[in-house]
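Given as structure tokens, the chain that follows is alone and in the form predicted alone.
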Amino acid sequence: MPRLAALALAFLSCGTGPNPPVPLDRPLEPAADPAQIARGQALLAELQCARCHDGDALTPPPRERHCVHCHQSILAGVAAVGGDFAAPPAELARWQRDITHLRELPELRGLGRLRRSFVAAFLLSPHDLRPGLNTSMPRLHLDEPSAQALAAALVPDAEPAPHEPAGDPTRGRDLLGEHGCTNCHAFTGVATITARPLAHPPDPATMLRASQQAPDLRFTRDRLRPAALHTWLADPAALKPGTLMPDPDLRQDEIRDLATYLLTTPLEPLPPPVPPVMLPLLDREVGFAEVDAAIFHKTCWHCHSDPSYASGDGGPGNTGGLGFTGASLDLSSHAAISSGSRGPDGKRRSVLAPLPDGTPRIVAHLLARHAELTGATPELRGMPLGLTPVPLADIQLLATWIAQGRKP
């Protein structure tokens, strides 16, 4: 499809991911401006950050409006200890089987350890920070001043001055393996570090959660304030109560060595992005029921649903939310899909009709999500928002169905 050529150009023009690490001797970040903090606090509510995250600066919504809490309640069910999600057994079993995303997300607590500039840059151009997690930060409708205001609200305090002398980076690399850090953390850009088993491993469920949320150590020098990194390695829970990061039980000299390696070791460049290869149209008949089961009701429907089904909330892509104006796109039935969405001009338009390059609009959005995970920022926002891309084989089904006349 012609759209792939445009996406390939987007990949080549956007580089291979986040910018190179910032210099470690850069000026310290001052306290955030109070007016900027206030603007950021208003944006936290406007963008409904509490629908996905828990955090000190967030007011939790009711469970049915908190995506992660709702999913966790469904997965616990009524039979499990503490489970209180009442639903017909057959429906509950189906939901439990289908829920694969938004089961676990990092809490927005203890963020004073982060560089405010990193937070702003990450919000503007999210990338795959936690490779073990199948959900990533979505691209929201943000300009640079809004991203800086949000960062000010999340990281309002001044950056403390580093005070620890440099350590031995070679010893620091050895410590990553000796203390089992790479059991959870990836560290792309360095030679493989073999981790020893943890001396005091948590229970399997906690270990799974920790490995899912563990950030790629490649981004430590971008993310963390150097002084906070030392404090974090000494006592993670002191900076973030309830953290899944265990106390590594390090001596002060070991902390210096480990921090020095994390902050200064040379990193290999990220591999060049590989554009997705759109599969050719199928030569068999594809019906709506097959496409609906593979894509619309499996992935899309939760954010593009019939408002009457969920107390008036048709999801961010229909009635609005997460800072998005509702596009009135309902993907819950053939008739609703055929009615299209509301464009920026307020007029309805088909999501199945081709764009100028010949690619159906909905197919282009699904391909754009593949592009986003390579570090690209395509013109169209990738769908599903912040979730694992729809497999190319399923996009092939959709494209074939559209090409065959979109039969019910």
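Numbers for residues come from their place in the sequence shown, where the first is 1. Everything numeric in this text was worked out from a predicted model, so none of it was measured.
Keep in mind that the form predicted in complex with heme C (HEC) is missing from the display, and what follows is about it.
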>> Can you pick out, from Gly112, Pro246, Pro276, Pro169, the residue that has a heavy atom within 4.5 Å of heme C (HEC) in the model of the complex?
In response: Pro246
>> Under a 4.5 angstroms heavy atom criterion, identify the one residue in Asp357, Glu29, Asp33, Glu64 near heme C (HEC) in the model of the complex.
In response: Glu64
>> Would all three of Asp54, Ser117 and Arg225 be in contact with heme C (HEC) in the model of the complex, where contact means some heavy atom lies within 4.5 Å?
In response: no
> So, in the model of the complex, is Gln41 in contact with heme C (HEC) at a 4.5 angstroms heavy atom limit?
Replying inline: no
>> Taking any heavy atom pair closer than or equal to 4.5 Å as contact, tell me whether Val291 reaches heme C (HEC) in the model of the complex.
In response: no
>> Can you tell me if Pro316 lies within 4.5 angstroms of heme C (HEC) in the model of the complex, counting non-hydrogen atoms only?
In response: yes
>> Check Leu385 for me: does it contact heme C (HEC) in the model of the complex (non-hydrogen atoms, 4.5 angstroms)?
In response: yes
> If you look in the model of the complex, which residues in 207 to 245 sit within 4.5 Å of heme C (HEC) (heavy atoms)?
Replying inline: Met207, Ala210, Gln213, Ala214, Pro215, Leu217, Thr220, Arg223, Leu224, Leu229, Trp232, Leu233, Lys240, Thr243, Leu244, Met245
